[in-house]
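The chain that follows stands alone, in the form predicted on its own, written as structure tokens.
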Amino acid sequence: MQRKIILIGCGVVGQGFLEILVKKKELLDAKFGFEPLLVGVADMRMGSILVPEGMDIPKFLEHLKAHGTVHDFPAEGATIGLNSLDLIKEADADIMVEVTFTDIKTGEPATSHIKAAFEKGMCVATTNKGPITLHFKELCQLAQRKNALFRYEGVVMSGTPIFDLLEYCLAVNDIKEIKGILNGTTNFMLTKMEEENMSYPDALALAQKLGYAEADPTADVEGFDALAKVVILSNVVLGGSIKPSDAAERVGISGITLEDIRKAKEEGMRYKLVGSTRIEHGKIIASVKPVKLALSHPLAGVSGAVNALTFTTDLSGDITIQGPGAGKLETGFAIMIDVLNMHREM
């Protein structure tokens, strides 16, 4: 069955999603009866295009690679120059994929995009942490009123399936606590400090060189990125209504020294930046902080730019899952999971 899709944000993740649509085209059709029709794309830097009859996705990707622009893709009957909100309002689409940049402080422009799509009755898949961190319940209520589906698998661990795991495989379990490594950049740095005796400044410089850390690494090294994910888990999984400011603690790794790493090693321990959340006396207790873990702990063995989560459940005990927390195809795959699940549910 054909599904009309608009893509808001055409950077690394958006292009990764489109590449998967091309690579898996025959499988998606044969196994799932899913035929994507890309009818619109808007990107703040690259421009926008609305093509009611659909675009040739492989040719569109070639155009992006050659020109780095959206608005001048040659397509019959195209409308160009619309801003993202106007494109959403004008488009006749079943699904909006929202993969614009994340703003944890305001949730914009993604939140406005999602609301506009729901008002049109579109289903939404997003990897944007901002709206889920700040406006989750409001957006879920709007989606329900508009009879639209809302999915966000990629907001916590990219293409490593967390919410589907909980929804299907751990259904009926009571989740007592969630804790894990939710930022690949800091985990990479701590790994280098321990395994290669690398100083904090050198580990940070390497992370920036490899593209794991931004020029301004504050969101990663001071725990803001991990905290946003902890807030999402608190609200989505544990049913809370907390904001980042409600967290009990937010401590990053900038104060961890090589001496701290060495002492922990002598004790048979290993430092990890751990995000955790649990319900205690009816209240959500959420935090992000460096923790010394015994080497036998499942999270202690997670090295490099990898994420991992341990769910403490009443029926299944402790379940730990680990995998990539970022990446073009990995995060694109998270969108693919969501779009395919919505296709099945429609």
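Residue positions are given as counts along the sequence shown, with the first one as 1. No experiment lies behind these values; they were computed from the predicted model shown. By rigid core we mean the largest C-alpha set that fits within 1.5 Å across both forms.
A second form of this protein, the form predicted together with L-homoserine, is not displayed here; the remarks below concern that form.
Checking 182, 99, 162, 123 against L-homoserine in the model of the complex, a heavy atom within 4.5 Å turns up for just one residue: 182.
Residues with any non-hydrogen atom within 4.5 angstroms of L-homoserine in the model of the complex fall in just one of 170-178, 207-215, 264-272, 89-97: 207-215.
Remark: residue 113 does not count among the residues lining L-homoserine in the model of the complex, judged by a heavy atom distance of 4.5 Å or less. The closest non-hydrogen atom of residue 325 lies within 4.5 Å of L-homoserine in the model of the complex. Using a 4.5 angstroms limit between non-hydrogen atoms, residue 151 is distant from L-homoserine in the model of the complex. Using a 4.5 angstroms threshold between heavy atoms, residue 129 counts as touching L-homoserine in the model of the complex. Shown here without L-homoserine, the chain has 220, 225, 229 in 217-236 lying with a heavy atom within 4.5 Å of that partner in the model of the complex.
Annotation: Cα of residue 217 displaced by at least 2 Å between this form and the one not shown, core superposition. Core-superposed comparison between this form and the one not shown: the C-alpha position of residue 230 differs by less than 2 Å.
Relative to the superposed rigid core, residue 163 undergoes a CA displacement smaller than 2 Å between this form and the one not shown.
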